[in-house]
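One chain comes next, on its own, written out as structure tokens in the form predicted alone.
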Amino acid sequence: MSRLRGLAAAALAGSLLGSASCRDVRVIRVCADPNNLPFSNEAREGFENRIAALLAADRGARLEYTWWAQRRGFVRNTLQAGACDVVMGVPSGFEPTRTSRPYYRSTYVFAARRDRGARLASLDDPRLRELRIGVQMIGDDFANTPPAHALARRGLVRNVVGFPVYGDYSRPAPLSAIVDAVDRGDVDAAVVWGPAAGYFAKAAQHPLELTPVSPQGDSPALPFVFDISMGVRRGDAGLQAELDDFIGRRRADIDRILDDYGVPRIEGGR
């Protein structure tokens, strides 16, 4: 009888210790898009998922996600609503959040098939008037993508083919459509945000040439190069300092992840 009591007491103690252990494990809560490769998806296959996992391991924490499509209102409905503490990829200085130091800097690129000889580098290349050029568009001219504005400012409209900036969300990789069009030859070249271009170019049937767009901006209001940071709530200086420390110490590991996904980077800004 005393042995049974001892076993019961041990089981109870173990259960209590286990509960205490679970309570003590820190949780890092991230909000991300469940269908937004190469950045993130619900299967945690994106590079932001991998960097978040690296962050959690570095801090000895458990990683939890709240999934929300990255559309207008994403930050308001997630980070600002208290559903999470970190958004992995936001432009540095993004006003609705407090941003960490940048962990990479990337750019819009021209994507073109090498076998078509349509390698472009400058928005002022005269061949842009002759080629079919794909560009991502939001649809509202007052909030369109920088390349869409830049091409329109040069009078390049009739030979431009628009692709929704959010892609076809019913597909597993909504952002791939514009690079797929280059690969098939539906357009001669496209202007694409670098991380998406680099990732989908790796899977293309035809080798693609990716060239950073120049100039790096049409004006201060139309940059093509962006520093990318992690965002926290504006009052959370403590977590921002932790992220700054993590990015500084684990930069080589972060760069290896970005390399795995073909993310083109521009030097400076970190």
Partner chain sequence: MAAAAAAVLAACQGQTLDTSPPASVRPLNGSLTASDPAQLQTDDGQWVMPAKNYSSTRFSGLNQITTANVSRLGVAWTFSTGMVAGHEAAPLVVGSTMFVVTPFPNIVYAFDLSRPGAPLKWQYDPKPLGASKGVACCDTVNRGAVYADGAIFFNTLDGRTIALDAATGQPRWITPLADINKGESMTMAPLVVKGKVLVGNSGGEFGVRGWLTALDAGSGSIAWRAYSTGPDKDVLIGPSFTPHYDGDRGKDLGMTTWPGEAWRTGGGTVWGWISYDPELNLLYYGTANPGPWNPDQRPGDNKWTAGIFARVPETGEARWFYQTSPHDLFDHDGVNEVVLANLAVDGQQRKVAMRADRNGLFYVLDRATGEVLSAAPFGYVNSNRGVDMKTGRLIEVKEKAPRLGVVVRDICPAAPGMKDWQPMSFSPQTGLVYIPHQNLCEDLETMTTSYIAGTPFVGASVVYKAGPGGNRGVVTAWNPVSAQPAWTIKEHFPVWSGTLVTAGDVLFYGTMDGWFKAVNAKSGEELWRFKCGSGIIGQPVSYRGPDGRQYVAVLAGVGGWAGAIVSADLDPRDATAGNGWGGALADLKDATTRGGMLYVFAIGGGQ
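Owing to the predicted nature of the structure, the values given are computational and were not obtained by experimental measurement. Residue numbers count along the first chain shown, from 1.
One more form of this protein, predicted in complex with the partner chain, exists but is not displayed; see below.
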item: Which of 235-243, 53-61, 204-212, 31-39 lines the interface with the partner chain in the predicted complex (heavy atom within 4.5 Å); value: 31-39
item: In the predicted complex, the residue from 173, 83, 138, 131 that sits within 4.5 Å of the partner chain by heavy atoms; value: 138
item: Of 71, 184, 114, 127, the one that lies within 4.5 Å of the partner chain in the predicted complex (heavy atoms); value: 71
item: Non-hydrogen atom within 4.5 angstroms of the partner chain in the predicted complex for each of 26, 198 and 252; value: no
item: Non-hydrogen atom contact residue 43 with the partner chain in the predicted complex at 4.5 angstroms; value: no
item: Contact flag, residue 108 vs the partner chain in the predicted complex, heavy atom cut 4.5 Å; value: yes
item: Interface membership of residue 149, the partner chain in the predicted complex, 4.5 Å heavy atom rule; value: yes
item: The partner chain contact at residue 118 in the predicted complex, heavy atom, 4.5 Å; value: no
item: Residues from 222-238 in contact with the partner chain (non-hydrogen atom within 4.5 Å) in the predicted complex; value: 222, 223, 226, 228, 234
